[in-house]
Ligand code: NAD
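One chain is shown next in structure tokens, namely the form predicted alone.
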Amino acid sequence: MNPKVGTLPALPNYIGGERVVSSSVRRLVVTKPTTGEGIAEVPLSSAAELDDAVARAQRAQVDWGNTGVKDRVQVLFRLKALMEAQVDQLARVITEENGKTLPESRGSILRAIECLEFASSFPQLTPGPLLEVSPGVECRSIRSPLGVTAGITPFNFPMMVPLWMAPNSIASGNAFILKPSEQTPMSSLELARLFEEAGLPPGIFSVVHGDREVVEAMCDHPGIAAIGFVGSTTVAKAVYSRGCGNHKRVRALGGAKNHLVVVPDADPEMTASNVIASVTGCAGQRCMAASVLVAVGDVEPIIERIRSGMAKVVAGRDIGPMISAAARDRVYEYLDRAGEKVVLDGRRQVDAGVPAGGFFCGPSIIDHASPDDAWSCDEIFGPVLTIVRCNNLEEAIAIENGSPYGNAAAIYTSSGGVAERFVQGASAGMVGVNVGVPVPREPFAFGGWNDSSFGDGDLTGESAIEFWTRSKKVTGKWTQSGAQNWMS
């Protein structure tokens, strides 16, 4: 089932507007998660190949940075139209390499298109303030490009997460080099094709496939001014430390262990359906997925609704597979360790008709867990819900605050006062009230706190303008004033 390297089509890099065959002899097989079959080979490029991409990007960025922002965003308008016309085709590529269901893939593309819409508004958002600070003297602030920027993105949203970064960077006048996940490299080449068809000049968007060697080279390269990263906390810390040590701007988003608090006055039907969707969507392989349900007091009827509803969700029919055998086996290992606390076992919730080589795992529930259990603390990154019980809201907030992560948290309640107490007390950058996947929409920025986030600024939303540009302050005097002061 697993073909050897050298037997499948090799994917190219995309550098300087050209599809370039990598000179690296190191390659990985890209696996189709639904069947376990190999579908392509991705090169693990060298630092020298990144050097070439940076050099070409630097040359192209000079003219692009001098192009007016209104002209720059015309490319994004055209890209938006192309993506809207090709949603189904693009969704099939994502599903092929990632395993998402087609509706999930389409949804991620529509969310990516929203990012394009936001970046297209930069002509209205980027003009800086101007003030006459003294008679005849004015000060103004303008935004200048950084130069060449880079993005390192994960497997779980192979088209959406790159478009959190690239449009904002490119609209700001930068060139952008993408290092996609080795597990889902094909979507990035679709983006390259779309940017090309939209009329983006060669060299402004590049794709360099690779592994740790390319990531470290990006962190070290003197020609790269800023790096956006989304992935695990371990790698986020390493990228942030190494990049900042080389005087780069770095915004690195890491892992998560999201807590959903349910109190007795929560609406049972809405809560149950919402929690189930949060746990099972994208097979739990998203940093915003529900991971720990903190049950406050007597909420047994709601928990039973959740359990019975999740038991009806079948992997291979309702949700897609895990990204790899290793990812699936990691979920299995946690279920093995949890033992009798497993009240819903996803290993038995797999459609009998799925291919034997697919990496499927159905939804699982681990109940009556301690806040200190491994399955309560670790990011499992699969369709697993751990239930922890407590007596009151203050205990629930303390449990949430005890996690080193701080990506997202949510509460289910009918009380505005309870909701506001949780909003104020939760140690998370994104908080939901009766919303299990509290992803902010533009112009609000995506990003967590604590071990879920490293660096200042944002990759998305209005504050992303500051991350992808640098401010220049201009003071000018054009008329002789009769008033005299120190600026005369």
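Numbers follow the displayed sequence, beginning with 1. As the structure is a prediction and not an experimental result, all values here were calculated from the model.
The same protein also exists as the form predicted together with the named molecule; that form is not shown, yet it is the one meant from here on.
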Heavy atoms within 4.5 Å of the named molecule in the model of the complex: does S144 have any? no
Heavy atom to heavy atom, is S108 within 4.5 Å of the named molecule in the model of the complex? no
May I ask you to check whether D373 falls inside a 4.5 Å heavy atom distance of the named molecule in the model of the complex? no
Just checking whether N401 would be counted as a contact of the named molecule in the model of the complex - the rule being heavy atoms within 4.5 angstroms. no
Output flag, A55, F195 and S206 jointly within 4.5 Å of the named molecule in the model of the complex, heavy atom basis: no
Here the chain is shown alone; which of G243, G254, P158, P383 has a heavy atom within 4.5 Å of the named molecule in the model of the complex? G254
Could you tell me which one of K312, H247, R348, R212 places a heavy atom within 4.5 Å of the named molecule in the model of the complex? R212
Which of 255-263, 126-134, 412-420, 272-280 lies within 4.5 Å of the named molecule in the model of the complex, heavy atoms considered? The stretch 255-263
Does anything in 216-249 come within 4.5 Å of the named molecule in the model of the complex by heavy atoms, and if so which residues, in order? F229, V230, G231, S232, V235
